[in-house]
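Presented as structure tokens, the chain that follows is alone, the form predicted alone.
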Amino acid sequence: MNTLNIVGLGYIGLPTALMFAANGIEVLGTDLNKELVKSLNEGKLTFEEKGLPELFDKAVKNGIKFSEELLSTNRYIITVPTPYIKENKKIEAKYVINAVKNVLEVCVKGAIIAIESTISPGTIDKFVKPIIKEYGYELGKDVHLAHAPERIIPGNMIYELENNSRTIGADERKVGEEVKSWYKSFCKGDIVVTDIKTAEMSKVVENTYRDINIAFANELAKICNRENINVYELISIANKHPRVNILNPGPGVGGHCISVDPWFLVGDYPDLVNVILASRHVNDEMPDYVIEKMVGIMNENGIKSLNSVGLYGLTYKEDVDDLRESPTLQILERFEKYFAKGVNIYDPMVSENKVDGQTQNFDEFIQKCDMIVVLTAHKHIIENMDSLKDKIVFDTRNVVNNAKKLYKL
């Protein structure tokens, strides 16, 4: 009866399920993806993450199970995707809705359903509570709701699961405290209990804050480029002020959080957002800026074809295999739109070819290219810096210090 059923075993759900199990909670992980469940039951992880194999081994020893079917229990955590609808920027809640419906088909009376997926403020009121009524359940008696937004980043998931503070949203205080007790099994950070809508807003606001800061840095990069100022030196100087903390610019914003969550606020409050919307536009335009600068560098150096150009890095951040909303993929989409073909691509973290032009051989990649565009700051490129010494390099991540000709954002 007290088994915790984690619904959705992706980048968030799997580490969360393993963490609970490794710390003594009886866990069933459920996912509709048959191949994913089969792989996990065969002892194969579905993505790479520092510390995940060790956590997996411990969870398996503690009896974690994986299934395509939900369990009839009284504790559920939903960790399914929450994309946005491109046309109106509002949350696409269908995965959450379907997960809740599936839970309601099997849960016992008095069950708590906690949603970890990042959702826009008001999602539970708008989409989830009506489903409970539709199924004939009484909210607060037959079923209880909570929102426990995840707060981890690929590449450092295990540490952050254990050490980051957490927010639990529940409109019934005793339910919030109960869900808090689940997370206290492994979380060493502060766990704050608040109401559902505040919890919904908190996660979106955290990622929107970072999006705005990145947009400021990206706009500075464009200004400094025009004035022939080193933007990284400028930021370093400005950050010596005790109340200034400017982030670094980059080729765009990727991942499932910062590049998506601010759109929820744009979609829900179109008459109120100004800074948030402007920041989204600045960051979404960075791949175009990178292409424009690439073309300028190619022209300056007499490079006529993309066949002589290499894009280093497919993932959205360093040392992970996560491609979601990757700036490189956004750049490749622009190339495709204008029938620009032939660019070479390499990423040491992506072991299967995902796009045209991708190779698994770094030496072959380097030999083919006169110009390298560094789009992801993997440790691999830092360790192989000497391979760039005879190349024209456009470094969008400020990690290269050894090139025949070096260009920055």
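Quick caveat: nothing in here was measured; it's all calculated off a predicted structure. Residue numbers run from 1 along the displayed sequence.
Below, we turn to the form predicted together with a small molecule, even though it does not appear here.
Is the small molecule in the model of the complex near all of 203, 248 and 258, within 4.5 Å of a heavy atom of each? All three within 4.5 Å in the model of the complex.
Within 4.5 Å, heavy atoms only: does residue 90 come near the small molecule in the model of the complex? Residue 90 lies outside the contact set for the small molecule.
With heavy atoms only and a cut-off of 4.5 Å, decide whether residue 391 touches the small molecule in the model of the complex. Heavy-atom contact with the small molecule at 4.5 Å: absent for residue 391.
Taking the shortest heavy atom distance, is residue 314 within 4.5 Å of the small molecule in the model of the complex? Although the small molecule is absent here, residue 314 would stay clear of it in the model of the complex, with no heavy atoms inside 4.5 Å.
Consider residue 293 of the chain shown here, and say whether it contacts the small molecule in the model of the complex, taking contact as heavy atoms within 4.5 Å. Contact with the small molecule, no.
Option touching the small molecule, based on a heavy atom within 4.5 Å in the model of the complex, out of 103, 214, 199, 114: The residue from 103, 214, 199, 114 that makes the contact is 214.
Here the chain is shown alone; which of 254, 310, 262, 287 has a heavy atom within 4.5 Å of the small molecule in the model of the complex? If I apply the 4.5 Å criterion carefully, the residue I get is 254.
With the small molecule left out here, work out from 123-131, 90-98, 146-154, 187-195 which stretch has heavy atoms within 4.5 Å of it in the model of the complex. Checking each option against the 4.5 Å cut-off leaves 146-154.
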